[in-house]
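Coming up is one lone chain in structure tokens, specifically the form predicted alone.
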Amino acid sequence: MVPPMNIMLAGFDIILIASLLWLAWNILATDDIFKAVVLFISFSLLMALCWVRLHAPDVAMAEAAIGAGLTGPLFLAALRRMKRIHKSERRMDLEEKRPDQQQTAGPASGRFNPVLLMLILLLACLTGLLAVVSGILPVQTEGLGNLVADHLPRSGVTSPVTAVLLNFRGYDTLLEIMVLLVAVIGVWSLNPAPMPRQTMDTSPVQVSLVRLLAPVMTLVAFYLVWQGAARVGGAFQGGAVLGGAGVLLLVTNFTWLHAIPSRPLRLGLTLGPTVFLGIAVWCMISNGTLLAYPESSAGSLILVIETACALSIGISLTALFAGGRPNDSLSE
């Protein structure tokens, strides 16, 4: 006899999967970019719920914070910028008396689209392949769980996820931090951040709410970093929440943001990679192996790395959302 709770959970999973497929299809099929962004944010939130159902709360927090909390506003900001460009182009067209080119025509409806057909075929093949593979693979595999559990007491932390990310597979995390830094350098090399010099007409409710939320989110971010050694959390989750606070400040456009010099931002961006790389080199010099922490100080070193990386991740995500380098120059 199947317990009623299991039947309810199975039904919930089916509804969740169907909702994800429906959202994914509508994101691809809609011609309205704003609607697609809203659906994408909804998709990320439901995807975070899927990770919770798969007993991966760390990934769920990262998906909700980055997928919905940061990528969604980034798309909305890009859409707003596109509309401004479109309006200026249309105004120029009117001035040149070319009304025939005011609007760009959308895709013709009812016309055969080979790209869409190819996409449907690829999705069908992928779905069939996943179904075949899920039928071939055994239901339960040992994986590396036992190996991680055996070495967990020597990792300096009690969370298996943190042990893998910061100790057993520290190389991967170090490279991910470096990739994020390179991404910010690439964005900063293109152009200055388009921050308006004039005060925007922001709602007083929004200003008050952001003033309340920003310090709370900062505290939550560093709490996530602190508890990452034993529970759900860590540098990426804390950095994502910190980046969310930065995005809220940018969207609200506080005037004091323009007075922040670029030097502390640059130091904050490089703090995480520098600390991580410095500890890695120190480990190689002391015991001959890169990122092989001494067992007695592994926990403290991991906490130092996570704190520095969380700060850098938060600043990096905020800088990516800003879309350019600070306006002041270090040469001044």
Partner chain sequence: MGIILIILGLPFFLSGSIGLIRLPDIYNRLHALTKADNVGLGFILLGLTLQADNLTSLFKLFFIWILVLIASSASCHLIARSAIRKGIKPWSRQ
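As the structure is a prediction and not an experimental result, all values here were calculated from the model. Residue numbers count along the first chain shown, from 1.
In what follows, reference is made to the form predicted in complex with the partner chain, a form of this protein that is not presented.
Checklist line | in the predicted bound form, the residue from Ser262, Thr218, Gln206, Thr158 that sits within 4.5 Å of the partner chain by heavy atoms | finding: The residue in contact is Gln206.
Note to self: Since only the chain is shown here, I'm wondering whether Ala230 would be in contact with the partner chain in the predicted bound form (any heavy atom pair within 4.5 Å).
What the structure shows: Ala230: no contact with the partner chain in the predicted bound form.
Next item on the list: Give a yes or no for Leu213: in the predicted bound form, does one of its heavy atoms lie within 4.5 Å of a heavy atom belonging to the partner chain?
Entry: Although the partner chain is absent here, Leu213 would touch it in the predicted bound form, with heavy atoms inside 4.5 Å.
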